[in-house]
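Laid out below as structure tokens are two forms of one and the same protein chain, each shown alone and named structure 1 and structure 2.
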Structure 1
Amino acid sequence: MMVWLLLVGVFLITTSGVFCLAVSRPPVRERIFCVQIVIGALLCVWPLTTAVAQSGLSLELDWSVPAGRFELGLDALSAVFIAPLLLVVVSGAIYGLRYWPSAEHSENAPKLGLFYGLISGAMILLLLARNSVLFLSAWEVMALSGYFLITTEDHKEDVRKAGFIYLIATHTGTLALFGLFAVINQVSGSGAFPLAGSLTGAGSSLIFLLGLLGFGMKAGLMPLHIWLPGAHAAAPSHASALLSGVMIKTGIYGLVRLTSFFAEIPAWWGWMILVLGAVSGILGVALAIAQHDIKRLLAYHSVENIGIIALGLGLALLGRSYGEPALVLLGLSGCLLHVINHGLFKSLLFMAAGSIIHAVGSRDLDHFGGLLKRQRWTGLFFLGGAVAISGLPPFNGFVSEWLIYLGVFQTLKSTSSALSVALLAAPALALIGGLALACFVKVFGVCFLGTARTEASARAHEAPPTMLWPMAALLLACSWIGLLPFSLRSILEQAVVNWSETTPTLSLGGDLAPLNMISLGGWLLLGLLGLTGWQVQRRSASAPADLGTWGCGFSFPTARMQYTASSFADSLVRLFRFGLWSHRQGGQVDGLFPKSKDFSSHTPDLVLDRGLTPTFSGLAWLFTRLRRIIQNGVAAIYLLYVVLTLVVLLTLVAY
């Protein structure tokens, strides 16, 4: 019964765009689309809560596809991924009503709606799938719908380019997944997902490496993140929210689910994920600081947050290898909670960024400024998201990072000296946190504070309520997790049990107990801030507020004198020069009365722009030359090829 309810919900979400293609009047079409998604999501909520409260749901049906039966399952591990997905999908759909109305975007709005519903449904289905063929089908539908979301504005050159890179990346990943599931099928003997802890060593290294390539590509772990910044910048903001907040997590889900199959985890798996996580985290945030495009910047922060999630997963894997149940619990809870958290605050930030872009008409940070006066609510929501993503109390980002820290500190108690190397994850996490804070001070300061840098920014308007309410809901969810984190305790513990059946349940109880105290700390902080703020507000109400900022005696300040995004980032970018290799042009002034000078800086992507693009253009050049030599149009030479091939084949047969 519950399963069927869930399936109806998924069906409604998936087909939300299909039915309205038939309706010709845009406003009606949009409302049908939105209502269908909301009803679909609501239908999913009930099964979700029962799945967590009880041991889970499952469904098995016969189908004519080879390799097993149509199998679905919903356990706490899947529920952790589905719950934020539903919230993001619904808020994105409502947000899109005003952000991308059909009336203004008649050429691509139907396409956007169709694929928005399709990708949402495919993602839920893939999180439910317990059969490799079903999983891969859902995976492909998701990947291709993602492509169409990214290329919504396909009349723009850079959008087409971003979509193309995404398509290459996602299919490279899918190729690895085909290999992965072929090997698993061979090992386990059927297309159904193996039970947790049922696979033994055979072929496990190959499986893990293939999984890391395929799922890591989707998740955007550092050397595999090439598609992510361009794609997330190109899509419309609510689609970016869905892609960045939810879709890349399917890669994490894949890794978590894959590692749950194995009874024993070799230690190098955990180390590898831990190292990749640290690299993604630090370089992701360093690259983010150097960006000028607000959506590109947010996309690089996804790389950073995937790094934090991978740190948690790596710790949990190490915990299983070294037999430390507390490490498993804290690492995986931190990982999963950060999955939820990142889904919430990243979507919030993308929507807030969309609201700014909507008002100012630019994505460049240096075109904004002083927006808090004109966009009070957007500014407030963005600030909340910024505090949350920087991992600061009292919001949710802090809680998950705190769990991962506790996991890291857990290795202190271990007797194994190899495990204590994992301690280095703590300062890495601290560095990531510090840099993320710097980055979001920059974004919030440059966008919302100070004075307007352009005419458009000075005339900006607040977003309509249809766009504000979804953001409010997401911020509310963020603060709910931040202030009442113990409400998620049972689902996290259940998910850890789903992931590793061997972890003794009784040792799980105490380690998450301090969540209550975190909550107390958060409320205390909020109360004290409210009280002091109210006092100060009251005392300062009558103060003069129409004076200029003091400019050291210079009384004609202009907006151009403010610190810009580039100047803010400059000192940090210089610190990371060894890893970023930014271009810097001009800027040196000389003499007493220098002429006006230009300065520009640009930070290309480390892997894509510095590594892959030059390599592949080199290869393309080489092959063009080779083809010109080999395929030269002379019939006699072609006959020579045939003869040579024949001779080689005959020789091979002879041996």
Structure 2
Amino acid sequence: MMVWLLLVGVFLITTSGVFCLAVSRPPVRERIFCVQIVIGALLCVWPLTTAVAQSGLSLELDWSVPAGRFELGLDALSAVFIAPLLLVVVSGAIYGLRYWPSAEHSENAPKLGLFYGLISGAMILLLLARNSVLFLSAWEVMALSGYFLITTEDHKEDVRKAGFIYLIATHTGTLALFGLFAVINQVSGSGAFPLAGSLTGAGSSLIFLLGLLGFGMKAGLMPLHIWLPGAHAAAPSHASALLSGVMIKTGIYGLVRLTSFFAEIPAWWGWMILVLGAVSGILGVALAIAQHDIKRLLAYHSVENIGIIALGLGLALLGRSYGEPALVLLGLSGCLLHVINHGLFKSLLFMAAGSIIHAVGSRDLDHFGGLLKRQRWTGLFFLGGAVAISGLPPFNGFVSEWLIYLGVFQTLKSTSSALSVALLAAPALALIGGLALACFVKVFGVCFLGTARTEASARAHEAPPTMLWPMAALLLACSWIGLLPFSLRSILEQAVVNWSETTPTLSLGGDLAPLNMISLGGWLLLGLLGLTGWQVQRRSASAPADLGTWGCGFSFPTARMQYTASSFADSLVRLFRFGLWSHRQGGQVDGLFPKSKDFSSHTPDLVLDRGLTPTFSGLAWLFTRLRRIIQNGVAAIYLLYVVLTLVVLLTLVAY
């Protein structure tokens, strides 16, 4: 009963855009689309809670497709990924009613709605799949739907380029997954997913490396992140929220589910994931600081947060390798909780960025300024998301990072000296957190404080309620996890059992992870912030609403006197110049009365712009030259090729 209810919900979400194409009136079509998604999500919630309470749901049916039966399963591990997905899908659908209305975007709004529903349903289906053919089918529908969401505005050249890079990357990953499941089918003898802990070491290294390539490409784990910054910047903001907050987590789900199949985990798997997580986290946030485009900046923060999630997964893998159950529990709980958290606060930040872009008409940070006076609610929601993503209390990002910290320090109690090397993850995580905080201080200061830098910014307006309410719901969810983290304790512990297939000997809470103390500290901090805010509001009530920003003693300050995004971040970007290789122009002034100077900086992507694009451009130039030499139009040369080919073939036959 519950499984069928879940399938009806998935069907309604998947077809939400298909049925609406038959309705000609855009406002009616949009409302039907939105209502269908909301009903579909509500139908999924009941089976989700039942699955967690009853240790899972399953369904098996015969079908004519080779390699096993039609198998679905819903356990706590799948539920951790589906729960934030449902909230983000519903929030994005409501947000899109005013952000991307059909009346203003008649040429691409139906396409956007169609693929928004398709990708949402496909993601739920792949999280439920327990058969390789079903999983790969849902994976491909998700990948292709993502391409059409990214290229919604396909009349723009940069959008087409972003879609092309995404298409290459996603199919490279899918090719690796075909190899992965072919090897698993050979080892297990069936297309069905193996049970947790049922596979031995045969072919395990090849399976892991193929999975790391295929799933790591989708997750955006550096250096496999090449498609992510351009794609998330090109899509409409509520689609970016879905892609960044949810879709990239399917790669993490694949890695977690894949590693659950094995009874024994080689230690190098954990070390590799741990190192990739640290590299991804540090370089992701460093590249984010250097960006001027608000959506590209948020996209690089996804690379950073995938790095944090990978740190937790790496610790859990090391815990299984070295037989440390406390490390398994803390590492995987931190990993999975950060999956939920990132889905919530990253979607919130993309929607807040969409509200700014909707009002100003630009993605460039230097076109904003002083928006807090005109977009108070958007500013509040963006500030909440920024605090959460920086890992600060009382929001949810703090709790998941704190669990990972506890896991890192747990290595000190291990009897294995090799495991103590993992302690280096602590300074890496601290560096990531500090840089993320600096980056969002820059973004909030440049966007919302000071004075307007452009006419469009000065005339900006607040977003309509249908855009604000979804952001409020996401911020509320971030607050709920931050203030009541013990409410997720049961599902996290059950997910760890599903992954490692062990009898629980430890639990979150108590001395291992005192979640109640985190909750108490969060409430106290919230009360202190509320009291401070009330005092500030009371003292500023008599001030004029349109009063200018204090000009630091200047009688006639202008917008040009403010820090730009480049100048604010320059000192931090220079710290990573050895790896980022930023282009810097101007900024140097000389003498007591210097002439007017400009300063700008540009930071290309390390892998795509510095590595792959020059390499493939060079290969394209080389092969073009070779083709001109070989295919030169001279008949005598072509006859010589035929003769040489015959000689080679005859020689091979002779020997």
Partner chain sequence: MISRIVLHICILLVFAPLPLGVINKTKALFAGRVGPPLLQPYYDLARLWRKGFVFSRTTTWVFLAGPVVGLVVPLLASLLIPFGGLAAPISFTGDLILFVYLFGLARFFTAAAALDTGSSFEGMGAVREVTFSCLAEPTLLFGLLVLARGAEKLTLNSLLGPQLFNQWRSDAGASLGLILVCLFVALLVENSRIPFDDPNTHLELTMIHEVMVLDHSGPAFGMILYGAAMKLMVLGGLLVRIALPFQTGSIPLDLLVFLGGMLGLAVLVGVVESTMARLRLPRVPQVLVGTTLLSVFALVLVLR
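What we label the rigid core is the largest C-alpha set whose atoms superpose within 1.5 Å from one form to the other. Residue positions are counted from 1 along structure 1's sequence. Please read these numbers as outputs of a predicted model, since none were measured by experiment.
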The form predicted alone: is that structure 1, or is it structure 2? 2
Quick one: once the rigid core is lined up, does V28 have its C-alpha move by 2 Å or more between structures 1 and 2? no
Using the core for the fit, does the CA position of L42 change by 2 Å or more between structures 1 and 2? no
After core superposition, I'd like to know whether G591 moves between structures 1 and 2 (criterion: C-alpha shift of 2 angstroms or more). yes
Any chance you could measure the C-alpha shift of L626 between structures 1 and 2 with the core superposed, in Å? 2.4
Quote the shift of the Cα of T645 between structures 1 and 2 to one decimal place in Å, the two forms being superposed on the rigid core. 4.7
